[in-house]
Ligand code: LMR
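Okay, so here's just one chain, in C-alpha cells, the form predicted on its own.
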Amino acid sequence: MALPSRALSPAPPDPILGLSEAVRSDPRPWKLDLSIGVYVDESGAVPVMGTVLEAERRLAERCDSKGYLPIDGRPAYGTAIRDLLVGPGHEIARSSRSVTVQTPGGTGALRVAADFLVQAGANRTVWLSEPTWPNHPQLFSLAGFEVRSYPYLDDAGRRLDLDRLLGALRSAGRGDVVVLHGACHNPSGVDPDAGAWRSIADVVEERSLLPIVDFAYQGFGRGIREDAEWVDGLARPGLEFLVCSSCSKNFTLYNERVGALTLVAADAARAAAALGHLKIAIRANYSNPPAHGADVVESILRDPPLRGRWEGELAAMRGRIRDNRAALVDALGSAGPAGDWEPLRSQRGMFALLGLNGGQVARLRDEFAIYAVAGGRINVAGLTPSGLPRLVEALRAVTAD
C-alpha cells in the first residue's frame, strides 16, 4: 500500500511559521522579522524573564523525579491558571464549577477543546472572526468542524463592527460553537469594550451558543485583570464556555509549550463530569502534558515575591509595546503613506493590521527584507529603533502606486 497521492504533492507552508523559515534563510543582514508573534527587546533579541530563570534555578535544585504527570496535569498548576484567569475570589472559583487541564501551549488547548466537543456530540459548526489567527480554520476543520465566519472589523479595518458581528452570531444555529478572542485580538489588536462583551454574551445566551475564548495574551493589553474583563460578560448563571490560555507570551516560555484549557460549567457536577471526557481527549492525543514550563509558571504564581517581580517584568513588556504603537502611529502620520492610522494607537497587544494586499506584502519582503503576514499584520513588539523608520519608508514605497 503506497502513501496517499495527496501526501506526496507539495504542501503549502504555514502562513506564519513558514515565514520564519524564510527569514532564517534570508542572507540580508538588515532583514526585519515582523511576522511571528514573539516579544523582542530593543536589540531585536527574544529575552527570557528574570523571574523565569530564577524559578528554573529553584526547580533544578529540588528536582528529584522526571515521572509522568497526570493526564490533566498538576492540580496546583490548574488552580494557579484558573485564579490568574478569573481571580481567586471570583464566583467561578468559589463555586467549583470550572475545571482546568494543563496542555502543551494554547494551540494544544484549542485542539483538546475541539476534540472534546466532537467526541461529546457538540454541533459541528464553528464560527470564527474574520479576520482571525490563520491556524484557527485549519485546526477546527481538521478536527471535523464546518468553519464559518462572522464579521469583526469595519470596512476600514481599524475598528470593531459590533452590529455586523452580532447580526452574524444571531444567524448561527442553536448550539453552534463560536471562537472569541479574549484580549489583544489576533491579527487586528481591536478588542470589544465591556459593553460590547455584554452584548456578545446576550446573543450567546439567546442563541445557546458555546463560546471558546482564545486567551493567548493576558497581560499584554491593559493589564492582567483588565485583559480579563470579558469574563464578566460571559460569567452568567447557566452560561457555559471554554477558555484556552497560553503562557508563551506573558512568561516568555515559547519553546516550553505551556498552556491550559479551562471549562466553565453551569455547576460543579457538570464540570466534574466534563473533566472525564477532557481526559479521554488528552489521552488519545498526547497522553499527558510536559512538566517543566508549567512547573515554572506554577512556581512564579504561587510565590508572592516572585509573582510581584513577574508582574513588573510583564508591565515593562506591555509598556514597550504600547510605546512602539505610539511611535509607529506618529511616524506614519508624519512620514508614512496617507491613511487613518490613529486607531492603531488605542489597539491592544502585539499585533497591528496595516491593510496591505498580497502584492504589497510581497514587495516588503522581496525589496525591503521586511516580513509581515498576509493583510499586513505586523508584530508591533518586533519594531526596533532602527527598524521603525525602515518600515515607514518601505510602506510609503509599496503603497505609492
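Don't overthink the numbering: it's just position in the shown sequence, from 1. Bear in mind the structure is a predicted one, so any value in this text is a computation, not a measurement.
A second form of this protein, the form predicted in complex with (2S)-2-hydroxybutanedioic acid, is not displayed here; the remarks below concern that form.
*Asks:* Of the listed stretches (63-71, 35-43, 354-362, 49-57), which one has a non-hydrogen atom within 4.5 Å of (2S)-2-hydroxybutanedioic acid in the predicted bound form?
*Replies:* Single hit among the candidates: 35-43.
*Asks:* Just to confirm, with a 4.5 Å cut-off on non-hydrogen atoms, which of Y217, W230, F251, F140 contacts (2S)-2-hydroxybutanedioic acid in the predicted bound form?
*Replies:* If I apply the 4.5 Å criterion carefully, the residue I get is Y217.
*Asks:* State the residue from W133, W310, Y77, W127 whose non-hydrogen atoms include one within 4.5 Å of (2S)-2-hydroxybutanedioic acid in the predicted bound form.
*Replies:* Checked against the cut-off, the match is W133.
*Asks:* With the cut-off set at 4.5 Å between non-hydrogen atoms, does V23 touch (2S)-2-hydroxybutanedioic acid in the predicted bound form?
*Replies:* Contact check for V23: no, nothing within 4.5 Å of (2S)-2-hydroxybutanedioic acid in the predicted bound form.
*Asks:* Mark Q102 yes when one of its heavy atoms lies within 4.5 Å of a heavy atom of (2S)-2-hydroxybutanedioic acid in the predicted bound form, and no otherwise.
*Replies:* So Q102 does not count as contacting (2S)-2-hydroxybutanedioic acid.
*Asks:* At the 4.5 Å heavy atom threshold, is I16 in contact with (2S)-2-hydroxybutanedioic acid in the predicted bound form?
*Replies:* Close contact exists here: in the predicted bound form, I16 approaches (2S)-2-hydroxybutanedioic acid to within 4.5 Å, heavy atoms only.
*Asks:* Is N186 close to (2S)-2-hydroxybutanedioic acid in the predicted bound form, meaning a heavy atom pair under 4.5 Å apart or at it?
*Replies:* Because a heavy atom of N186 falls inside 4.5 Å of (2S)-2-hydroxybutanedioic acid in the predicted bound form, the answer is yes.
*Asks:* Using a 4.5 Å cut-off on any heavy atom, which residues of 354-387 would contact (2S)-2-hydroxybutanedioic acid in the predicted bound form?
*Replies:* The stretch 354-387, when checked against (2S)-2-hydroxybutanedioic acid in the predicted bound form, contributes only R377 at the 4.5 Å heavy-atom cut-off.
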